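Shown next as structure tokens: one chain only, the form predicted alone.
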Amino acid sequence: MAAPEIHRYVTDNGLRVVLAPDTTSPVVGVSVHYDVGFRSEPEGRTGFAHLFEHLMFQGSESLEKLAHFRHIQGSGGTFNGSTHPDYTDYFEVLPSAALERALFLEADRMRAPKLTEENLANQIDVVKEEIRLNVLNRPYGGFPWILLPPVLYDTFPNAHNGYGDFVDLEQASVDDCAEFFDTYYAPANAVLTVAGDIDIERTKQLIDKHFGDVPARPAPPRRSFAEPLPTEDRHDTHQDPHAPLPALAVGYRMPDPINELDGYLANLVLASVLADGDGSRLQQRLVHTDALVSDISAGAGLFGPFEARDPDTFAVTAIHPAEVSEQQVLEALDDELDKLVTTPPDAEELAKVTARWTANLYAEHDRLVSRTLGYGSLELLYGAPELLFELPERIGAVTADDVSAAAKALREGARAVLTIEPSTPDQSEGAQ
């Protein structure tokens, strides 16, 4: 699709605004990205950023609990929020006639969410149940995004469990919530994006009407989460009472996603060459030819690409039969990386991978919700929402030598290996 005209400005209270008109259908997307993710949460409060995301849906000083849900759904819209390593987002997609309603709702909770003992206790229970469902009582729960970082990284922001420890969650107080809100949920620490069927001047007037009186507060200093590269390989083992087969995850450090974007994109292409589709190298070698694994994947970013600043993780995960050793899988992985170092992918293989990336990006961003969220996150992380429409060409410009260099960097750097061992419940930590 053709890149639309993008309008960017900053309000008097510091809110960054991205407007992207598209009148092809009578629908609008509204998102607010706050520059805080689980890497910013306080030590001793694991899971706090995600918990706070839940609290932002529990009413405000102007609206009772569940009013946000009712107003959006009553307009025929959809909504959600999500917590990422370096940002938290909230969004609505609804008919363009309901734009003002969405702006009012987002401004209202930016101004004063309802932080009460009752809401906090209720949402702690909700988050704990979510953890039980998605991590503690599920095969390979938390694999690899919770379990691999503490093997690869040393500092609390990079290594801790972003979903949260039950003890930390239970000790969270309303005062903690108020401090977190005051620190990170200022207009100057946020990006408002409005995309779709909008008139620019009318939308600016509505934004000023609803966000203009949100009190200005300074944005917190942006923290660096940088830490030294590991100097030797690391290994850890996790007992999983629900896993039917052993598994392993291999983690590597990658180029800075923001300041070394082209090197980062080469890692995205490398991941696809290795494990995207039946024709990929690791699928052919480890699944179809040697039958060493039943499943294998590779990716840049534990949550996907473009969701974090430096440092970010290149991860390879595999599930394998009990009779296959971890060392067999690692040796095959190393061998395939070595082949890429000495013999870059040929033109046909590279074109197939980059074409798939390009097609997937265009298909994803054809959806208004994805476009809206993409503009907001790219403005927040890169200061460049237009990058959304530049990425296909940038990925298409990755060369075979770039992929070879990315493979070489992985082989020369230290890595972390996490082993998942099936166990009986009394051998493991068990579910809480």
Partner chain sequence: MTVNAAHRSAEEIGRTPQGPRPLPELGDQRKVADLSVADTELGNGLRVLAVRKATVPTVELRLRIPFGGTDPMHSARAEVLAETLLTGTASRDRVAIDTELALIGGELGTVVDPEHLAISGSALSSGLPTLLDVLADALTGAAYADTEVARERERLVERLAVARTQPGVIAREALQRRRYGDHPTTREVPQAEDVAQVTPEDVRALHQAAVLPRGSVLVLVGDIDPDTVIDDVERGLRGWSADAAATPLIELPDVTGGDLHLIARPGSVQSQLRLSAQAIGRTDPRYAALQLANLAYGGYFSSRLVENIREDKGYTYGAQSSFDFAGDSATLVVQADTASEVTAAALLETRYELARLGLMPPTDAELESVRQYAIGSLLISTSSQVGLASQLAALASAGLDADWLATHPGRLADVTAEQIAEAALEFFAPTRFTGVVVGDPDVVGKGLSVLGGVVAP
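Residue numbers count along the first chain shown, from 1. Bear in mind the structure is a predicted one, so any value in this text is a computation, not a measurement.
Note that the form predicted together with the partner chain isn't included here; everything after this is about it.
K.L.:
Which pick from 378, 391, 398, 27 sits with a heavy atom within 4.5 Å of the partner chain in the model of the complex?
P.N.:
Among 378, 391, 398, 27, a heavy atom within 4.5 Å of the partner chain in the model of the complex occurs only for 27.
K.L.:
So which of 181, 91, 143, 264 gets a non-hydrogen atom within 4.5 Å of the partner chain in the model of the complex?
P.N.:
If I apply the 4.5 Å criterion carefully, the residue I get is 181.
K.L.:
Applying a 4.5 Å heavy atom distance criterion, does residue 23 contact the partner chain in the model of the complex?
P.N.:
Taking the distances in the model of the complex, the answer for residue 23 is yes, it comes within 4.5 Å of the partner chain.
K.L.:
Against the partner chain in the model of the complex, would residue 98 count as a contact residue? Criterion: heavy atoms within 4.5 Å.
P.N.:
Heavy-atom contact with the partner chain at 4.5 Å: present for residue 98.
K.L.:
Applying a 4.5 Å heavy atom distance criterion, does residue 79 contact the partner chain in the model of the complex?
P.N.:
Yes, residue 79 is a contact residue.
K.L.:
With a 4.5 Å heavy atom cut-off, would you call residue 176 a contact of the partner chain in the model of the complex?
P.N.:
Yes, residue 176 lies within 4.5 Å of the partner chain in the model of the complex.
K.L.:
Counting heavy atoms only and using a 4.5 Å cut-off, do 201, 227 and 374 all touch the partner chain in the model of the complex?
P.N.:
None of them does, since no heavy atom lies within 4.5 Å of the partner.
K.L.:
With the partner removed from view, which of 328 to 336, 307 to 315, 209 to 217, 153 to 161 is the stretch that lies within 4.5 Å of the partner chain in the model of the complex, judged by heavy atom distances?
P.N.:
In the other structure, the partner sits against 209 to 217.
K.L.:
With the partner left out here, which residues of 57 to 88 have a non-hydrogen atom within 4.5 Å of the partner chain in the model of the complex?
P.N.:
Residues within 4.5 Å: 58, 61, 62, 65, 66, 69, 70, 71, 73, 74, 75, 76, 77, 78, 79.
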